[in-house]
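Below: one protein chain in two forms, given as structure tokens, structure 1 then structure 2.
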Structure 1
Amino acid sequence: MPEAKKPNPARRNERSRHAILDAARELIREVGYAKVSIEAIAARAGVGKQTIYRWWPSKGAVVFDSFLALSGNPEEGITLPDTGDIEADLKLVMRATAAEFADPDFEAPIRALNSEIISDSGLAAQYREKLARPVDDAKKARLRAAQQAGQLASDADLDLVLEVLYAPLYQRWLHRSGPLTAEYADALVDITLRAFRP
């Protein structure tokens, strides 16, 4: 077996790792994902190219990791507000999500991330596992509470509920096919609750 050489993670230089992820994030913001090159990341980070190739298989992977690092490592799960009023709580969250998507500062990097995810199934899996899952779990926890409170059909598939709730917003943002207003966020909550009411 040829068996690719594996570098020893114990010896990894944490200083370099950070510099690389920081440089990646900065460059994406400054010039856009498509124009970021590994050479530029290495130069900006003051690092040899080989150090990047040693630890990451592709530009996408570096960028992805830079997102992971950014989102902190929420070892303990996130929790959504629970006032007992599922409609109010969801509208709060949905409006926040819509606002985040509309924020031009988040625009470029999130588009970069999505672009990479579409065509790289490995990164897509990582994305689901590391970035989407924790958030989705928190949302599902809140929905489960609503089910128990009789505000949602008890047999509703919560993954499906999440999709109906978020996918329209996501698609509208991705295709720039309409404005992401608070009213729109509210409308999606209303529709979802109507579709899945007990």
Structure 2
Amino acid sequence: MPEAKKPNPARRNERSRHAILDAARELIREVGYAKVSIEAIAARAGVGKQTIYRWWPSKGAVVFDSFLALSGNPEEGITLPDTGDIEADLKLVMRATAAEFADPDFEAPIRALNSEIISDSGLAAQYREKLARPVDDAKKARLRAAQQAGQLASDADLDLVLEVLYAPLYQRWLHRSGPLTAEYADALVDITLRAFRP
């Protein structure tokens, strides 16, 4: 008689983890962050509440991981396009960023995450460490290459360059004060480069 295969707990855990992250995103999109609870996520994912608490300390932490799952894992390494033309490369990246922020699947969890970060310093630190820092490091690496190629001023403060480039887009998204279009993304690149070219 052939030996019965034992279930692989790692595979089962991974399946449960994905179900939980998917459930969190779906519920945020359907009912909004404030109305989502760990109980509701567990019920939607078909797992026990204790399973969620074994992996995450709070609802905000689940939402953060559900967002990371959408974004890929920045800690595994990010590179920005480098065609040698900083204007073309930044326009490509900024258009993609604007489109992402306008996408309801992305927008709902990132809004929820921003709300939670305001009151949860631990989650804010996790966000900086796992997402913001690796992404900013990749952006600055591309900007440094542009400096070396003479396309940006050699004394440009790269943190300031990123703030000038991204802050208006974030502000428009946060306040829902205007459309996040490719034309708007291009205009932000044009203004930033005008300010920081040699």
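Rigid core: the largest C-alpha set superposing within 1.5 Å between the two forms. Everything numeric here is computed off the predicted structure, so don't read it as measured data. The first residue in the sequence of structure 1 is number 1, and each one after it adds one.
- In this comparison the chain labelled structure 2 is the form predicted alone, and the other chain is not.
- For Leu123, a C-alpha deviation of 2 angstroms or more is recorded between structure 1 and structure 2 after rigid-core alignment.
- When two forms of a protein are overlaid on their rigid core, residues whose CA moves 2 Å or more are considered shifted, and Ala132 is not one of them between structure 1 and structure 2.
- In the core-superposed comparison between structure 1 and structure 2, the C-alpha atom of Val189 has shifted by less than 2 angstroms.
- Once the two forms are overlaid on the core, Ala19 shows a Cα shift of 6.9 Å between structure 1 and structure 2.
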